[in-house]
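So this first bit is one chain, no partners, the form predicted on its own, shown in structure tokens.
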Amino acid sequence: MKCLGLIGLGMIGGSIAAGLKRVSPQTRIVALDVSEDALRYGLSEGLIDDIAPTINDLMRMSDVICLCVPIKQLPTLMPALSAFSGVVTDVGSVKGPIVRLAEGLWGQLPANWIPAHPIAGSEQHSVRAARDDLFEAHKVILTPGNDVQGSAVELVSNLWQSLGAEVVVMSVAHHDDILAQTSHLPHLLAYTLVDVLAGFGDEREVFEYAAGGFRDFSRIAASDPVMWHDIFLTNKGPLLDRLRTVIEALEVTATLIEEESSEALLERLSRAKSARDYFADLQVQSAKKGA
């Protein structure tokens, strides 16, 4: 890869650029973004080498293009990329819409397209929050099509591995269901909880007495609402399936409390704690593996 073209220079795109500049300074990076401020910052901080005025300029300058924009922006971007002969990848949190859009445009996902999703990030979304180590010891999921070019998969895998990530491959449907459970649903619950508490009346008093548990759980509600609006709507099938299960579970818990079913309630809480402890152990093991 001689030149990486980034469409979107936010926190994820900026972190890709920062990490690549650290591990492969000879690789040229160009960016296209609607925010002139983001582009100027990227240039001033040495994250990118050049600005592409148009998507055609970006295609001419790059041999790999990475889409780092909200899902809802893809319908206006993807058609232009049909003329690009290099490798295309993305960082979207939902894969089904990308594949369906490609099928509508070209009949199938092109062989040079490698959908990807880094399982890393934060509630911040500006390029000013970019980190060169953001992807270290984190997973990146690839969901290549059936007729994919092996060399394209290898190139995208090498890109993420050079940034310290662990690359795994799975189907589009499995990815979207897994992410609905582990990312999209928690964000939806966090947004909903903060919105409900803010509507109780004197939200200043509510938030003034909120402890660490609320801070930790609600942190992700500070994420970009436009991005999460797009994710919720584009992955609504798997998300709604999991949300309905949680709503039913909350009703059960409410009944246990109302009826003072002490043993059943304690069993439910203990089961959840055991699952959380198991998750914490997995994180520790993963950190040791990456160290």
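Don't overthink the numbering: it's just position in the shown sequence, from 1. Remember, it's a predicted structure, so these values are computed and weren't measured experimentally.
The form predicted in complex with a further copy of the same chain exists for this protein as well; it is not shown, and the discussion that follows is about that form.
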Touches a further copy of the same chain in the predicted complex: L74 (any heavy atom, 4.5 Å): no
Any chance P225 has a heavy atom within 4.5 Å of a further copy of the same chain in the predicted complex? yes
Using the partner position in the predicted complex, report whether S24 sits within 4.5 Å of a further copy of the same chain, counting heavy atoms only. no
In the predicted complex, does R28 have a heavy atom within 4.5 Å of a further copy of the same chain? no
Taking a further copy of the same chain in the predicted complex as the reference, which of E154, E205, D133, E103 has a non-hydrogen atom within 4.5 Å? E205
Which of 85-93, 106-114, 155-163, 207-215 has heavy atoms within 4.5 Å of a further copy of the same chain in the predicted complex? 207-215
Does anything in 183-197 come within 4.5 Å of a further copy of the same chain in the predicted complex by heavy atoms, and if so which residues, in order? L185, P186, H187, L188, L189, A190, Y191, T192, L193, V194, D195, V196, L197
